[in-house]
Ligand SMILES: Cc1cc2nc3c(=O)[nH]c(=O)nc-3n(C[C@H](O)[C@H](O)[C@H](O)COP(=O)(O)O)c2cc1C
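Given as structure tokens, the chain that follows is alone and in the form predicted alone.
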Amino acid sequence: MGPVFDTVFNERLAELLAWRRDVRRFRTDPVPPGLLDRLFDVVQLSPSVGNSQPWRWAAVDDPARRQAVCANFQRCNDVALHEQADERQAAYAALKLEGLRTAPAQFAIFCDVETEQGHGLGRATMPETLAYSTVLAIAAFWLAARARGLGVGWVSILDPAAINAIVDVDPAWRFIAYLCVGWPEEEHIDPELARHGWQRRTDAGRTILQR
């Protein structure tokens, strides 16, 4: 007999999803290694195409590497700022889009697009499912971290080739995400971008097309 996911569980799950926020403001208190180990145990439960488990996590602890990531973010962010329409540049410049200088734990996550695990099952016509599987693992990590009081922030304003070189991993690996992890300075149920007037949440994704 399988587990019983009752009403209370479902309500708490919805609460967890609601409080899952992209965090950019971290305290500098370290994250216990044992806690991170438990989060990676959860990651291993994540589904993957053909049971390929293509995710590859690299802990970025070296100060020089972290500084290089910060510098890369700054370069990419300057370009993104100037690509904004004139009337939005001031709003963009006011946003805090990363926690690179304060997050105590940082990870670069890659997809091993050449993995032999899974024997190619399910990805011959859609090889991008390897990357999708890696994103599912990130989502599992994110929710498990939030359930334990940790915040996670996804930094996407980075040059993938540069991050591969900075972190010094197999050049064939595809860069998927750079995560900042730590204890949030503050708690909010609403997204930061909505709170600071950039973009409110909409119902755009709720439309079910009938075919």
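Just so it is clear, the model here is predicted, and its values are computed rather than measured. Numbers for residues come from their place in the sequence shown, where the first is 1.
Beyond what is shown, the protein has a form predicted together with the named molecule; the following relates to that form.
The stretch from 79-87, 94-102, 126-134, 113-121 that comes within 4.5 Å of the named molecule in the predicted complex, counting heavy atoms only, is 94-102. Though the named molecule is absent from this view, in the predicted complex it lies within 4.5 Å of a heavy atom of just one residue from V42, V169, A68, I157, which is I157. The candidate spot formed by F26, R146 and H196 is out of contact with the named molecule in the predicted complex: none of the three has a heavy atom within 4.5 Å. Although the partner is absent here, W142 lies within 4.5 Å of the named molecule in the predicted complex, judged by heavy atoms. R12 falls outside the set of residues with a heavy atom inside 4.5 Å of the named molecule in the predicted complex. Annotation for 53-86: no interface residues with the named molecule in the predicted complex [heavy atom within 4.5 Å].
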